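Take a look at this single chain, the form predicted alone, given in structure tokens.
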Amino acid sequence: MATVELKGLGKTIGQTPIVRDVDLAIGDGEMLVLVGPSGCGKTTLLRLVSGLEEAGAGEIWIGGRRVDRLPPARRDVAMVFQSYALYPHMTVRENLAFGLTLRKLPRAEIDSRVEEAAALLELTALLSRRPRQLSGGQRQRVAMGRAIVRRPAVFLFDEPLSNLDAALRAQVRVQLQQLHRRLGTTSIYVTHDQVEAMTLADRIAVLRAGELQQVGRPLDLYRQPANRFVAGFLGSPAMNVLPATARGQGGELRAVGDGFALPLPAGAVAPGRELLLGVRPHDLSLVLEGGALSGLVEAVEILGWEAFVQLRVGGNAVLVRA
């Protein structure tokens, strides 16, 4: 079993808390994706699990074994970094084999593991090349292969696709999905990319200032965010948030705000209550007249397959997909 359990995990640098009392359980074979704004503690949390940084509080358990007091080499984890960190003077084969050679595994086993990883990542034809002869996507696959040959209990990914261009990111993301399905290794993946999070994750954990805000399946977080931060952070483009007040009028309940009055389900909230209405741009559509909101078009972004229209509704900015 390669479950990962974080119990009351904390890390403070100076007087600044970086990770705050994190309790999190990752199931055997699960892909958990950590998301949050820059500086929220995502990478620090990953480094705490790997042992590259020491926790100030709490416990880390991997496969039922407490590891927070163990050095990185004894935790049975493999980390793939944002930078490829390949040895430039070594061939792809030598880069893949290097960690296994240090562990003094038999040559036949090293060769077998390298060939297996190379076939899995479509690197077989590149084994004799050096990193400077590879594209960015190929280098990242070699970095992943170096982790795979170790056959760890847990993979840790620290924004591994952020140095790739958009087309390569999409290609390698699909390969990562396929790789996870085939290997079934427990994985913790840090990213700031919304698409990566939604497409790769079995579950997503949202961090803010070192604190967990919500953990759940991607669509659950998208459809039922726990708070305004999660609602605004998850989803691209971001959710529209409109301040309003619940008012009863003629037996009907309405959400009344600056430039709009929308019906609410009977009994949904007490009249006089202050509200925040969250509406995804993809759940709105444009009509020339007679719509629920009325606004002035301020800008249009045409993406080819869709467009996003920025409206001014009273004092509120509202984004609509068209």
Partner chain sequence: MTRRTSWPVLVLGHAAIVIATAATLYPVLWVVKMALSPGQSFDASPSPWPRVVSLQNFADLWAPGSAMGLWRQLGNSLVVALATAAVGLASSATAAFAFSRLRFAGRQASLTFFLATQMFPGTMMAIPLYILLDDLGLLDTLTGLVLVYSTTAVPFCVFSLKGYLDTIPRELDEAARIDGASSWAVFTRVVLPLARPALAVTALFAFLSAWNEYILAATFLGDARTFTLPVALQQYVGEYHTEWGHFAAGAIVVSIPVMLLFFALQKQLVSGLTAGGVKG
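Positions refer to the first chain, counted from 1. Predicted, not measured: the structure shown is a model, and the values here were computed from it.
Another form, the form predicted together with the partner chain, is not on view; read the next lines as being about it.
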**Complete:** The stretch from 238 to 246, 196 to 204, 92 to 100, 112 to 120 that lies within 4.5 Å of the partner chain in the predicted bound form, judged by heavy atoms, is 92 to 100
**Message:** Let me test this: is every residue among P72, Y87 and R150 within 4.5 Å of the partner chain in the predicted bound form, going by heavy atom positions?
**Reply:** yes
**Asked** Given that the partner chain is left out here, which of V77, L126, V172, L212 has a heavy atom within 4.5 Å of it in the predicted bound form?
**Response** V77
**Listed residue (L253, V256, L275, L52) with a non-hydrogen atom within 4.5 angstroms of the partner chain in the predicted bound form** = L52
**Asked** Would F229 count as a contact of the partner chain in the predicted bound form, using a 4.5 angstroms cut-off between non-hydrogen atoms?
**Response** no
**Message:** Is Y222 part of the interface with the partner chain in the predicted bound form - any heavy atom within 4.5 Å?
**Reply:** no
**Item:** Proximity of R139 to the partner chain in the predicted bound form, heavy atoms at 4.5 Å
**Value:** no
**Item:** Contact of S83 with the partner chain in the predicted bound form (heavy atom, 4.5 Å)
**Value:** yes
